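First, one chain by itself in structure tokens, the form predicted alone.
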Amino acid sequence: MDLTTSPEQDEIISSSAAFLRDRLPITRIRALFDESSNVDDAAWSGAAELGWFVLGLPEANGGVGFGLADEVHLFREIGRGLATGPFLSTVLAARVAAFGGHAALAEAIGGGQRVGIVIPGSSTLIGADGSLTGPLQLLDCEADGLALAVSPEQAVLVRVSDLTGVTPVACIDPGVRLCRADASGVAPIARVTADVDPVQRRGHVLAAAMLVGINEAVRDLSAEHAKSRVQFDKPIGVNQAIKHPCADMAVRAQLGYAQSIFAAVANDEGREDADYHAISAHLAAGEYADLSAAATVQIMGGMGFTFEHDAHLYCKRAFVLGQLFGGTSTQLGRLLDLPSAR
């Protein structure tokens, strides 16, 4: 198993990083905090033109035809840049539409139609027929748009307009739009089972990739501050209370990346333990990002606790990404039930 990057992957990394730096810098993301939408339409359209939303979709289904390992590098940069918008759910939704037999819908999503994601409650149920029932939360959904709901067994797309009691609420992350809603046997407009395409597995890996990007971003932010911030005529990085946390961030970033790319390659190679590695990547990268982002706030000192500094934004985005696909306790429970854990 080769975990090193190929020339094509290096190009994905450099081009996506340049696009996000130029079109969605954090200054632009902050400007969207008070807007009704957290999406920069021009940047979103640009991402669609670059094929981001169908990068991992087979060419036979209208996609670019790259593997999950290639998508990991794209989503790592999305996480690093704190890019706002439903990137993850839109990419997964394109697969649900394509493998569910809805080619026109898949083409529309690949062309930039945005799709939010459902965060299920403890009593939310996706029925055997794909119907959605119970209380839920919606991330980055639009009133006239679609929402993606996933379980280990299947993934479905539903119309937000078919849900009831859709109510916007404040999210801990100002870059995310959150709503509460209820579903009562809402029928899906597209559905795919995990034996056809394991959508939730891919979601775990790509969420892990974003969390790795967050870890790498705060590592770099902290290391630069440790070198440039001078107290008592010396950079604060000479102190063990600073250098050790920075070193820990570097180790966590490398471990999270290694597990995420291994999980992606395991999926691409069709390994039987692919689910185990995917969930492990999400859990590990989530814990590492939480720890590193929190340490960054401390390393920044007084300014790290202010809204004007970006440190808290990384903490909040890491928390939100950790809640996807059931949250930590659900993920741990499923991980321990897998044969590969025994």
Partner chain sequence: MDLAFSKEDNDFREEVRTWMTENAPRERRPRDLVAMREFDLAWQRKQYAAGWAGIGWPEQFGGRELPLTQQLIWYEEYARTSLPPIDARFVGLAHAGPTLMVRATPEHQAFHLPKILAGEVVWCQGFSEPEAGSDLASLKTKAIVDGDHLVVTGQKIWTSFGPVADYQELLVRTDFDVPKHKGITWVICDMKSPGIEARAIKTIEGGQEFAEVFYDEVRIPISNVVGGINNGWSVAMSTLSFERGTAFTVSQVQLSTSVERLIEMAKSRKSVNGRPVIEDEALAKKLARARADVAALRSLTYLNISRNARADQPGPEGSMLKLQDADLTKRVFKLALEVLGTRSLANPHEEDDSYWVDRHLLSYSSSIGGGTSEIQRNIIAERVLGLPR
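Positions refer to the first chain, counted from 1. Please read all numbers here as calculations on a predicted model, not as lab measurements.
In what follows, reference is made to the form predicted in complex with its partner chain, a form of this protein that is not presented.
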(message) Looking at heavy atoms inside 4.5 Å, which stretch does its partner chain contact in the predicted bound form, given the options 98-106, 79-87, 214-222, 166-174?
(response) 166-174
(request) Identify whether its partner chain in the predicted bound form is within 4.5 Å of every residue in the set 45, 55 and 202, based on non-hydrogen atoms. (result) no
(message) Contact with its partner chain in the predicted bound form for residue 60, defined as at least one heavy atom pair within 4.5 Å: yes or no?
(response) no
(message) Taking its partner chain as it sits in the predicted bound form, is residue 119 in contact with it (heavy atom to heavy atom, 4.5 Å or less)?
(response) yes
(message) When the contact criterion is heavy atoms within 4.5 Å, does residue 290 count as touching its partner chain in the predicted bound form?
(response) yes
(request) Give a yes/no on whether residue 231 approaches its partner chain to within 4.5 Å in the predicted bound form, heavy atoms considered. (result) yes
(request) State the residue from 254, 193, 151, 137 whose non-hydrogen atoms include one within 4.5 Å of its partner chain in the predicted bound form. (result) 137
(request) May I ask you to choose, among 29, 315, 274, 68, the residue with a heavy atom within 4.5 Å of its partner chain in the predicted bound form? (result) 315
(message) Only counting heavy atoms and a 4.5 Å limit, does any residue of 290-305 reach its partner chain in the predicted bound form, and if so which ones?
(response) 290, 294, 297, 298, 301, 302, 303, 304, 305
